[in-house]
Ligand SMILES: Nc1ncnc2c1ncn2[C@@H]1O[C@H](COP(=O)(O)OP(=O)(O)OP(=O)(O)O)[C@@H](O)[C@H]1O
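In the block that follows, a single chain appears as structure tokens, in the form predicted alone.
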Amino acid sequence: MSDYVLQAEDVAIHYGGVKALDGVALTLERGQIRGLIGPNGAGKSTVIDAITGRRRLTRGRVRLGGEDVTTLGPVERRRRGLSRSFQRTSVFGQMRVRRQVELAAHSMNPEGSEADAEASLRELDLLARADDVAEDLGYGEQRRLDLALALVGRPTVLLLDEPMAGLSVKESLDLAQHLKALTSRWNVSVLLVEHDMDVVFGISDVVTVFELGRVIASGEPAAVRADPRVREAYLGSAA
């Protein structure tokens, strides 16, 4: 059995002569957070789409817990423990918080949906708002609700696409701490695409840097931050 909960091997997506991804290799260990950074258009969101089955690969393989899931669609991969969030929240504004998490949980496991929803809401500190309509939540709380929806079914891997987008500094740090706690309490691994460098370098175990559809650096946060290629391509004076 593989030591990795997730492996992307030589993943490529080409559109004619355009190489959106070109030979990307990524791994995730159990309980690990891997941050993905890079300029806009570098391929970060595309690689999440590729891993979750929303984009057809030109070549390459995706393995989940050692199983080759390359030919499986997004729903099948979700049922095998691969969950994701999007840049825009997927919450239903007119629906009560508890109800929408229960519905999401029911789609994964009809018999244990209430307990599953309760656990997800508790983990994201949303039980006190469970009977409120989602549109009455603050934006930071809506982001946490989005994460609670991704947690139903107890996934082994979470792929998060800019979960801190639009949050205040305090809200971003709060959500980052929730993510860090999840890896130990829920034994979940996280692939995190995020523009907030303080968050990425603060909570990631490893950081991978994209440029023009390729990985140009990968390793421990301190080593990546000091890499001249990374400073030139993305971090600049912020490094």
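Numbering starts at 1 and runs along the sequence shown. Given the structure is predicted, the values throughout are model-derived calculations rather than measurements.
The same protein also exists as the form predicted together with the ligand; that form is not shown, yet it is the one meant from here on.
For the options Ala42, Leu28, Ile51, Val200, the one in contact with the ligand in the predicted complex, meaning a heavy atom within 4.5 Å, is Ala42. None of Thr70, Thr183, Thr46, Ser172 but one reaches within 4.5 angstroms of the ligand in the predicted complex through a heavy atom, and that residue is Thr46. At least one heavy atom of Glu162 is located within 4.5 Å of the ligand in the predicted complex. Not displayed here, the ligand is kept clear of Val215 by more than 4.5 Å at the level of heavy atoms in the predicted complex.
The shortest heavy atom separation between Asn109 and the ligand in the predicted complex exceeds 4.5 Å. In the predicted complex, no heavy atom of Ser168 sits within 4.5 Å of the ligand. Here the chain stands by itself, but in the predicted complex one stretch of 174-182, 201-209, 62-70, 34-42, 34-42, has heavy atoms within 4.5 Å of the ligand. Applying a 4.5 Å heavy atom cutoff to the ligand in the predicted complex picks out His195 as the lone residue from 189-214.
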